[in-house]
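Below you will find one chain, with nothing else, as structure tokens; this is the form predicted alone, and questions on how it binds or moves follow later.
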């Protein structure tokens, strides 16, 4: 099958979050199974020189955006069995930021969506499926159905759209988007492109794509409710038959404690001695008291309310009354920068915070921490809890989205579980579970070792998920009976027995 991924980021080229991990890991897995997989991302100036120097020019053309005519170049790299395309336009993509700083995001990613469709005949690639990821590529299914489907080259192409985070939708003024993409007034109704008086790239995809996926089964159910649905729950319920949840995986080779070159000492599920060395190095590097008898609680991710940091803020003094240490790594909202800066001074030698994106330090935290805390308000999938378990670090999570699908709370009566969880979005519920986990760490090391063993031997690879995506792609080409010809039930054969 010929598959084109379209996304705004992908590892190892450019990354701001989990979207890049998913695109960068899933595409090579599908390619290894014999499919022709290609990926298109913008040629951001943030892409490291080691990759930009290897790019070869494929073609260039002009894109009409209303009254504008803009240059569009396509560069290419072959790597890991995948053809990686990079859309070049210095005005849109050679900026000192990736997202959100300018007032023309609708134009930048409108250009990107238009260019993705226009480039296909020029690079001589006619995909069976275009798999779009998040709002930045959301206009592709709409443009394909509205403006391109009558052209023979595009007529047979199907689209899949994956929601990585429903909170970010790409909402702009209708007139601005009309001006860029040439979408007539008749399309701006609530059953098509209009969304509460605005243009919404995410909604455009949800209306026009052939199939909708999201990154965990639980999140697929949650976003059909008003609490998680971000005002699109009604549309998602209407398309429930076309909405599927496929759990993300992680790069099992990139996150492997037996071979990871970024950690102090390698270790495995059968030889955990190296984890103690990783803990000691983490404590020394971050200025914590070097103690092997105190559990280190790690947090890696965006510093925002979504990640449950308002719960941590509310009970941080109660957490620190226990004999624990805490390590925080991430960037985000100023209030949490202030919180953890204050906490470092208040609890010297017990709390360390680094406000940056540091890939090497993240590996050291996964390997050196004892407990990994993810009290998210919502979490479409979450990769950090799976990475932590891979390194023998026990997760504490709230039961939401992908966290609920990957972490099962330890049950002292049945012995089942691979971590600790709480259900209500409540600071003291979280505190109680932290206290419970610290109790097991200090008093029941046999159970703690069992939880580590279960986490480290879990299968978090992309193999199963890639198979699920292939089934979904193939389902788009299955012939369906017309509505006026309902499927007839299979008749059982009549068996006649004769008496002798």
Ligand code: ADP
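Residue numbers count along the first chain shown, from 1. The model shown is predicted, which means the values in this text are computed figures rather than measured ones.
This next part talks about the form predicted together with the named molecule, which is not shown.
This chain is drawn without the named molecule; in the predicted bound form, the residue among 359, 240, 90, 428 with a heavy atom within 4.5 Å of it is 359.
Just one of 404, 364, 203, 307 comes within 4.5 Å of the named molecule in the predicted bound form, counting any heavy atom, and that one is 307. Here the marked residues 302, 330 and 382 all reach the named molecule in the predicted bound form, each with a heavy atom within 4.5 angstroms. With the named molecule omitted here, the record of contacts in the predicted bound form names 330 to 338 of 408 to 416, 152 to 160, 111 to 119, 330 to 338, defined by a heavy atom within 4.5 Å.
Not displayed here, the named molecule is kept clear of residue 24 by more than 4.5 Å at the level of heavy atoms in the predicted bound form.
Using a 4.5 Å cutoff between non-hydrogen atoms, residue 14 does not count as a contact of the named molecule in the predicted bound form. At a distance threshold of 4.5 angstroms between non-hydrogen atoms, residue 387 is in contact with the named molecule in the predicted bound form. Proximity of residue 188 to the named molecule in the predicted bound form: non-hydrogen atoms within 4.5 Å are absent; the residue sits far from the partner. Counting a residue when any of its non-hydrogen atoms is within 4.5 Å of the named molecule in the predicted bound form, the one hit in 252 to 271 is 255.
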